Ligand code: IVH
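Just the one chain here, laid out as structure tokens, in the form predicted alone.
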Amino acid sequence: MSVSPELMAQVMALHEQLRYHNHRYYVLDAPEISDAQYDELFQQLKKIEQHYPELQTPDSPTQRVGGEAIGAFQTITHTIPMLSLGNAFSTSELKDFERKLKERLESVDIDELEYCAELKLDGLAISLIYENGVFKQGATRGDGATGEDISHNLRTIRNLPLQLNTLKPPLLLEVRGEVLMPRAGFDKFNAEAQQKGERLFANPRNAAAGSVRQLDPNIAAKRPLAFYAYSVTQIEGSQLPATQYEVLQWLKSLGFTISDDIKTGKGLAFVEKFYADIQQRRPLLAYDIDGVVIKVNDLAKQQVLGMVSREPRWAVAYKFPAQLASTVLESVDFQVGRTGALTPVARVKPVFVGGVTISNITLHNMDEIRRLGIEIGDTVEVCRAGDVIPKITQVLARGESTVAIELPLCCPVCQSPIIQDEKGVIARCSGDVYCDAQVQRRLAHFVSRKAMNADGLGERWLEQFLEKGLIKQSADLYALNAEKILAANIEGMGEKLAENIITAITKTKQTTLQRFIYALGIRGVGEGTSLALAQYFGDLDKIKDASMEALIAVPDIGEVSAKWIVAYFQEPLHQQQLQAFVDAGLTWPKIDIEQAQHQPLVGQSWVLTGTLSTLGRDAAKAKLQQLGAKVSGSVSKKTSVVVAGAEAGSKLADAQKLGVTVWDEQQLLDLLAEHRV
């Protein structure tokens, strides 16, 4: 069907009108026409596109209303890694940030250094790519190196420009910013969901993150999301202004929304004043924040300062203190882990802290309870450590009638006697394979990502399988089929899901000896010890038959761990289970012991801390293990190297105190490249 020049001109005019009014409404909050008039223009364009599909372009205003659902997210590699920011929590840490700037900017009077102060928005960081002014692609931050393509959902965000507001757009522009759900929209959305009996979101950040990671864009289109730009990472065919503040104003002129609270000033006195002002006004803001961001304003100076590991040297997040609340400790339950360890969990009167309602708080062990001096009935102070993990910080007031927290004498699940270690810190259920809680936790560990990696087989289904009598131990998973699962009439289990679970289980039959040993859940045998056992013995039968003396000869295996390993393989039920695994057809590649024991990092202990940009922590750990290193979670005098990424914390401080060698991420990458792993 031919399209007349007049019709094409009409479509372009409608595009222009709708973009203009959309910007006035969603970005400037200053509409010039009524909703009915806007809808009339929108429907006019929609009808033309329905009759002439060739006129529908990706940047058309009609493409904001959703579309076809996608089957799965595609992975995108960021051309320039999405960096995280270093944190400052006090004036002294802020001074340390400025001291480091002074060291790098030797010729600059630090008191005259200009900063751009912005809000640290509490949403989901994303990257947007524009080609010739038209929105091309958007992705999540992911691990910093790779993210997920969420373009289909980003197109539905009303204030995100699908076409830049300029006659001379850059050939390529990458804009980064935050997707968030403003508080007013969040409250309205949750109120409507409650009326419909639907699930409520805990806080605006979770709501935003969950919305943009929907496979169906029609769901995202119904959510009140907004995008706030805060930086330009790539630009071709145009030139950026000279300062961060001017870049943000330029982005605003292109049609992007930026925060209203952006200021420039000189020295830390300016920063502290901005911080105090925002902290006071925080409850009145339209959206959630968790601090302010301080950036060196001059882009040329940013280039001189450069990056360190995964964070820029020229910016820091000045975080607000953890939000606190008081509540009452109503009871303490004891949960049983896969090794039988009992973990006390505080049940507190529900309290809202930092955007989340808290009712359960882990107390770790009896030592923590004694340290806090808490009793049931006390009024306690609660915070979210790092704005994430709930924690009881102190007792605020003793209750009128309190009850001391006592360790149970018997397991709360199987009633077996409780035993304690020599220090009286860790208590365990002695029921072992006869304790349902331990069996369920071991099953969950067996199928977990770092063990056998049975994708999609979560604790919910394992619990159902146990209750229905489909399985009693890990080896029973390999006797399942879709027909057996469906015959058990498990709620929510359909034919397709049952088939997917069987496919996931079948895939785990091809594994590695290290993964298999780790999956067994032997007490004291983590990933590093599993790798050491696999590389030292190279064969499961040799590990099973190993004596205490032979096991102690393995690097980093001591007498206690050796004792636990021997005890595990001597247990008749475990021997039966191992044979069942063999009969089920589990296999793994043969290990060349000679080669494994002569790897370059054999005998060395490495620690990873902070965030790594090029490699994720898991990938870096796996590569170091390929070279023979033990990767530990704590720093000691025996640690060979600590690799410190962005936001490295106490482990880096421990390494510096002990004089342990500290590497940055680039040094690690050079080592891996040298050995081609």
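All residue numbers refer to positions in the sequence shown, first residue = 1. Keep in mind it's a predicted model, so treat the numbers as computed, not measured.
Although not depicted, the form predicted in complex with this ligand is the subject of the following passage.
**Q** Does every residue of His364, Ile389 and Ile392 put a non-hydrogen atom within 4.5 angstroms of this ligand in the predicted complex?
**A** Not a single listed residue reaches this ligand in the predicted complex, so no.
**Q** So which of Asn159, Gln163, Ser84, Gln514 gets a non-hydrogen atom within 4.5 Å of this ligand in the predicted complex?
**A** Selected residue: Ser84.
**Q** With this ligand left out of view, choose which of Ala482, Leu305, Ala125, Ala341 has a non-hydrogen atom within 4.5 angstroms of it in the predicted complex.
**A** Only one option qualifies, and that one is Ala125.
**Q** Does this ligand get within 4.5 angstroms of any non-hydrogen atom of Pro312 in the predicted complex?
**A** Looking in the predicted complex, residue contacts with this ligand include Pro312, since a heavy atom lies within 4.5 Å.
**Q** Within a 4.5 Å heavy atom cut-off, is Asp432 in contact with this ligand in the predicted complex?
**A** No, Asp432 sits far enough from this ligand in the predicted complex that none of its heavy atoms falls within 4.5 Å.
**Q** Would Glu178 show up as a contact with this ligand in the predicted complex if we use heavy atoms at 4.5 Å?
**A** Yes, Glu178 sits close enough to this ligand in the predicted complex that at least one of its heavy atoms falls within 4.5 Å.
**Q** Please determine whether His78 contacts this ligand in the predicted complex, using a 4.5 Å cut-off between heavy atoms.
**A** No, His78 is distant from the partner.
**Q** Which among 164-172, 411-419, 290-298, 501-509 is in contact with this ligand in the predicted complex, heavy atoms within 4.5 angstroms?
**A** In short, 290-298.
**Q** Can you name the residues of 245-281 that have a heavy atom within 4.5 Å of this ligand in the predicted complex?
**A** Result: empty, none.
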